[in-house]
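The same protein chain appears twice below, in two forms, each given on its own as structure tokens and labelled structure 1 and structure 2.
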Structure 1
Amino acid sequence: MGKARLAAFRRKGSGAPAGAQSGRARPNPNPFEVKVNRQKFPVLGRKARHAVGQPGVSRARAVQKRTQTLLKEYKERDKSNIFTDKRFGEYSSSMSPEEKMMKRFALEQQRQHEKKSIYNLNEDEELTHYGQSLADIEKHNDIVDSDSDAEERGTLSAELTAAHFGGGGGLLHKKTLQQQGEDEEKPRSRKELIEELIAKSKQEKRERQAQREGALELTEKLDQDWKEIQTLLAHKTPKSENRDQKEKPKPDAYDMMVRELGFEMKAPPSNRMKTEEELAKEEQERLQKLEAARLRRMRGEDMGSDSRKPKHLSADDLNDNFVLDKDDRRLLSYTDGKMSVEEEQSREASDGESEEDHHEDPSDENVEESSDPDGHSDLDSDTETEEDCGRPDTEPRLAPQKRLANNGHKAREAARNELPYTFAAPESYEELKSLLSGKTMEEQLLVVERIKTCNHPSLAAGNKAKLEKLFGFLLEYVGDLATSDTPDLGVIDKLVVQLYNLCQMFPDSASNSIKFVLRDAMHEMEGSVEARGRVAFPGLDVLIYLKIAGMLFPTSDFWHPVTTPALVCMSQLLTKCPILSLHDVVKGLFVCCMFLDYVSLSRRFIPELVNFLLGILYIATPNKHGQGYTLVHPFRASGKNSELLLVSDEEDTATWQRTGLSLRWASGLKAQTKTEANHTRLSCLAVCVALVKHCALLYSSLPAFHDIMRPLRALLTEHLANRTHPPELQELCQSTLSMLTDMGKQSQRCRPLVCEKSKPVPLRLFTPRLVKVLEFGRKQGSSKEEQERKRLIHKHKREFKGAVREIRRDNQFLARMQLSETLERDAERKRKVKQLFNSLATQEGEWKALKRKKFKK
């Protein structure tokens, strides 16, 4: 910046006349202040800029400019008052003084004629009404005339007001003076004036009354004329003619429904729905009351004596002891617009309550009758006689006291054998097993349900942990039921519902329990593989655990922390467990069924499933050609178990009927006879063919469907060639094979991979590349956009450096100014201090001189 200014200054100086240069103090610059910028090599056609510079002159100009701008701002940094000249055109050089004056005068006139309020649109106009200003009317100075009618509410005249309410002397005097001036008559007395005013008011009143009567007469006349004209304008037909011309339309179904809805009674508001916590609390209280009643019945104590006492008897009571056993009244209700009669149920919903009612009534009544001193013996005797009459004659009659004691003993025994209503959450598996063992399926489910109800998480703080433990205990109990000699599958099926409810309440702990069981099963499999080199199919408990995992957790997820390990475990079972017996076949088919349940929604392809079904069909095929399929582990093409499912007995084949396979075969059940074993083999083959059909329906949309089902199609063809199978089984194979063939034709076969056809690549043409040279040097060989980008980057870099340099110089200038101010302040302070010392020294000298003069005297 300084060099450019110096060059401009030199150009201006070179163009100035000689006289002007000679008038300067230093026409020739100091050679020591001139800086020559030498080039490395000369370039033809390039103008040398800034070849000679004057740093001193540039520095002086920069200091002068900073003194006029930066120093001025620095000195005014602490000042807040600023004088601003707002005169129109004061600093405008394009306007002459006369134009400025004219414009200022016009603005002054415009400012005077401006409205005072921007919301007042009629500030300069005065609105009137009948010659009176609206502003005066709004002051409400008029006086109301009390004698005026309601229609014309006028104001009292000034004369009447002055005459009746005082202050009218001056007004009357003024009125008389005016009349003297106008009529040149003598002034009248006050009485005459009042009479005149009264006469005028009465006359005005009569005039108004006459005007009102005339208006009423005119209105009546107009009404009569309008009626005559109206009869001429609109001629109405008689009602009889209208009835003949147009019949009234019948209401449609919609109108009838709207009228019915209008007459229907609105439904009363119902009670709000209770929360889960409130329902659990009520259920717990109900079970506690029932348990307390059961314990009282078991101990034979009197319960509810106040409620069992007879009610108050009226004077008209016949005392016939007639009591209704149940309420035979019927409940009327409407269903789809028809009346239906339903008998009200007298028993409670739960089994516990029904048992309580069944055992409670006779025992409680007998206990009360025997223990109550007042007893109401007449009532007791009547009831006893009625009971005795209902018994057969052959039965010996007991004494009343013995019968009461016998009934009480029976009631206590029934209460003792009755299932408790409240249970504490078991702390160990042994406690749960002791609660459930020896009970029927319904009782076991009721015990588990009551444990859940009495230990709901909303009732106490530690109930959540107790129910989480209960899930693990129930899972272990299910495993024990499955591994028993006779597995109770019905109880397991019902307990799955309780496991599902607990899983919905505590999904994290349930998933951890299932994963722990599956992890143990996988570890056992790995240990047996390492020890013996092979592993057998697990027991029924592991299979049921896998089934429960698929029922409790979603199986369609791409990855799930429970179902994904379960799928891996099942695939390991189908690939690592060899088929050694009929039990292994049943277990493998059960695993295949679980696989299909798992992937029914996601349609995930399971190669282990297809390979296992292929192996089952192979070991059931009598004549094996080995064309079109290949066996994989755990099946072998030849060996001891390669013909495990072959049935050679024609009698057993003829007597076979298609039934489902029972899981009892998976628990180690052995066939009693050879016929039963052959029937089981045929059932296994039928289940395998049905699974193949299910797989075909499931994987029909896969591109590789034809290749996947080709081995199965080949084996099914070999089965059809063998005519030894039952007709029902052959029909199943035929339908499955035809379905596979049809689906294979419909599906698109995969085409073999081939190289993509492409045009031959032409030879390279050595055409010279033309590059437009815009600049030389480092910027050579780039496009125009790239050169523009580099130019902007270079410009930004140069400007940034220049700004940093100017800021640094500004800071240095301010530092010099601050130093100069500090030095000036210090010098001024020294000068003042020196002046003070001088004045003090002079004063001290004068005082000493005066003191010496005094001593001399």
Structure 2
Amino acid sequence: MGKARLAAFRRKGSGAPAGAQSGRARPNPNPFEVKVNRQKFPVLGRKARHAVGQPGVSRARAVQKRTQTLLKEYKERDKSNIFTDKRFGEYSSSMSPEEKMMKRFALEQQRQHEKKSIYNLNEDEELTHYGQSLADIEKHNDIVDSDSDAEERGTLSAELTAAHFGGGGGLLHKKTLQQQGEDEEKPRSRKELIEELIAKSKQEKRERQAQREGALELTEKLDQDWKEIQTLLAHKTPKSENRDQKEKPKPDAYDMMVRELGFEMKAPPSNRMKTEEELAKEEQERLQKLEAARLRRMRGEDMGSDSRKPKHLSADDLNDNFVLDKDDRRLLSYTDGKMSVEEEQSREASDGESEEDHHEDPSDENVEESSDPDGHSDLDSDTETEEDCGRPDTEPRLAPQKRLANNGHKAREAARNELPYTFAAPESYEELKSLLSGKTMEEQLLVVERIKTCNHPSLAAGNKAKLEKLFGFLLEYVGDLATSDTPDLGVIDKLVVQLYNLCQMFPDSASNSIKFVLRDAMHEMEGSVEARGRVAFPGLDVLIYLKIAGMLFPTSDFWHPVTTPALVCMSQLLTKCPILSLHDVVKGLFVCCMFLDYVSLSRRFIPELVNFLLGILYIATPNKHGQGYTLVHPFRASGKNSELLLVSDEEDTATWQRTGLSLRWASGLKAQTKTEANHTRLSCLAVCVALVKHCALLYSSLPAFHDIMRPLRALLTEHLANRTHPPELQELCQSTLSMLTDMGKQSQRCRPLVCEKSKPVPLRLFTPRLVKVLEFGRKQGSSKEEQERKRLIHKHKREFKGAVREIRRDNQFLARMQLSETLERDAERKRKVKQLFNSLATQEGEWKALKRKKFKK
């Protein structure tokens, strides 16, 4: 392979050997000079490049080339002088010999024209034209009327140029020769000659002009004729032309219709309107889908990435569980000149922008209307902004509120109408508080609603952040409301809906806000636990936060960034906070209710809750035996709070009615009378027993149900034995107890545990790796860079080998040359020696002959 490749890398600059090409082109008749490279297998359509080699020819070529280059170098090796041909372009192979000649000539001329010294101004240089000195030509003394108009084409007539530039020596000579032939006897002067020339050229010019005018005239005439004929040909055209000049033709109504219909944008096929059943069905399907997702999360199936296993384990698998499952590179994009990295954000922003244009008018209108003194315009603006909002569920919810507000309090309406219609989103909590404080519940809701609509993220780019902040502020406001002395639970109740809506819009920031308040509460508790070893029940705000967290986020998830910490927080409340008062009992029971609500769908087991209920039951038990149960941490078997829920007054017991506990109890409401306190105690007990019942239902399927519930059962039995409770409560206890025992019996079939059979580890099968061959003749199965690298390595190797071979051959060639030189030198010396000997012998012979002659003489 590559036999024709010569060491071009060493000796550049030599012209391509012409001989080689001719040698190649020539068909070689001698079969003995041809080497045939046998192909292993024939491939159709492939051109065999080196099927036939001509070793003799290529060797000759190589030798020839070496003689031209290497040998030359070798011969000049000791010479310090080198002959450099400085002629222009001598070594440039890109110029043709003709070009070289031209350039050289130009250069020569230029050199001649160059001044000897640039300061020598007086040095006159001889200007030439076509080798003729201009000074000579000037002697003609011609006055040429060089009217530029005359030269239309930019080319001068031969005579003229000859006359002007004096050059055209040849011409002149020719002419003179001709004229010499005509009228030798009267040689005209140079002036005459020129004049004649001028006259001639002028005439020529005039003729040309006339010709052109004639042609123009002819065309005009033809046009006229054509117009006349045209009127004959079509009658209408001139009329329409005239009309066009006067007025636009009135389009026919029918035509218009047809056109319109023809060009009208075809409406894309849209979905047909859905019937109510279909809508309901769709909604149901949506809910089902959400429910399925919830169940999946509850079971923790998609917990972490570890569950995401690759299906097929290849033999080449490194066993490091590496799967490239998601390309998490951020996409870079630009929105209004700013670089934004997150794709989502940019989408949002651009959405906002595009919608901004659409909604500019309504918002402007809003502003105008707000300045409008007419109060009733709020309906319009609200509906408009609701359209912007694009949330179907806000409308029905808002409508009744508004109706209520409009119908109900006429007196207050005037005041409410004074509320501004647009609100800037509050930048700080104090701002929000100042907006909301001192207003009625409806007004507060309206304000929040308006803030939300005015700052909908589709209206402006920064609104998203504003509303995200609004969520945090609202949460803080709710906390403040709950911690005040008389908590405004009604407002909280309604604000929760707003919080829910905001949360649906911005889940991430909402979860962060909730996490933040929870962390605050936990930090407070932690500090207290570390300092004093125990902590009092926190205020109503923490409980409300926990409740809100449960309403905004799914509580049944196996793991959830918000609800799992919330669960831990509740567990802490139940285990670390000792029960010191009736308020604590109510708070604790509220936490229990929330806890059970959290796990109502997932049916998860809460040990702390069972302990707490046990403790509550215990502090309500009159005569304790303490058999079959043990109290745990926040409760003590004896102490001043061990009989907190005990009701000894029989009258109070008799008058008790089962009612819901008021949340106000949790916020420091004081019992007015002893009877009221006693009633609350009984209510607490009733709630506690009801919760026990709920637990029994919830946990009936747990394998250790009996063991979990045993202490509760023992305490309930004690309760029943006392018979001091009101009949309703007694009944509740009875039913709960029977349920506990029944459930216990049902689930008492204890089956010994058995581990899941672990699957036998399959032998690793070393399956061959199959790779699709996409293109033959290429190195396969790697990336582009890898391929390129391999190609380069291969090329380098080939080149290296070739270079080594060439150097070897060069050396051989040189050695051969040296040998031949030596041989030549030796032969020469021998010849010379021989010659010397010859001459000497001849001399000797001559001398001897002379001597002999002498002797003879």
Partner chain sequence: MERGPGPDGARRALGCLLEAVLASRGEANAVFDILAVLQSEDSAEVLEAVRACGRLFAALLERGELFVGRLPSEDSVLAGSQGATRKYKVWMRHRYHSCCNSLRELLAHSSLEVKELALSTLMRFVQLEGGHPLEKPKWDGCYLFPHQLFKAVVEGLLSLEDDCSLLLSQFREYLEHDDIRYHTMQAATDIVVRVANRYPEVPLTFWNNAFTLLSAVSLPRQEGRTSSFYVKHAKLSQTWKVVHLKEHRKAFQLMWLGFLKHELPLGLYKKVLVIMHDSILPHLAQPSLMIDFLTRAYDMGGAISLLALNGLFILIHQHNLEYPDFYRKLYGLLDPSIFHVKYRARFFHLADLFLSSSHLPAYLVAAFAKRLSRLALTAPPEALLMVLPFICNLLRRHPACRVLVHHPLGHELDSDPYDPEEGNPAESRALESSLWELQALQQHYHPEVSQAASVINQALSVSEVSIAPLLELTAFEIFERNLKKKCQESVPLQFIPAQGLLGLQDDLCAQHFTLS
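Residues are numbered by position in structure 1's sequence, first residue being 1. All figures in this text were calculated on a predicted structure; none of them were measured in a lab. Whichever C-alpha set is largest while still superposing within 1.5 Å between the two forms counts as the rigid core.
> Between the pair I just shared, point out the form predicted in complex with its partner chain.
It is structure 2; that copy is the form predicted in complex with its partner chain.
> Does L697 shift between structures 1 and 2 by 2 angstroms or more at the C-alpha, the core having been superposed?
The answer is no, as the C-alpha of L697 shifts between structures 1 and 2 by less than 2 Å after core alignment.
> Just checking, between structures 1 and 2 and with the core aligned, does H679 shift 2 Å or more at the CA?
Comparing the forms between structures 1 and 2, which are aligned on their rigid core, H679 does not shift its C-alpha by 2 Å or more.
> At a 2 Å cut-off on C-alpha positions, does F516 qualify as shifted between structures 1 and 2 after fitting the rigid core?
No, shifts by less than 2 Å.
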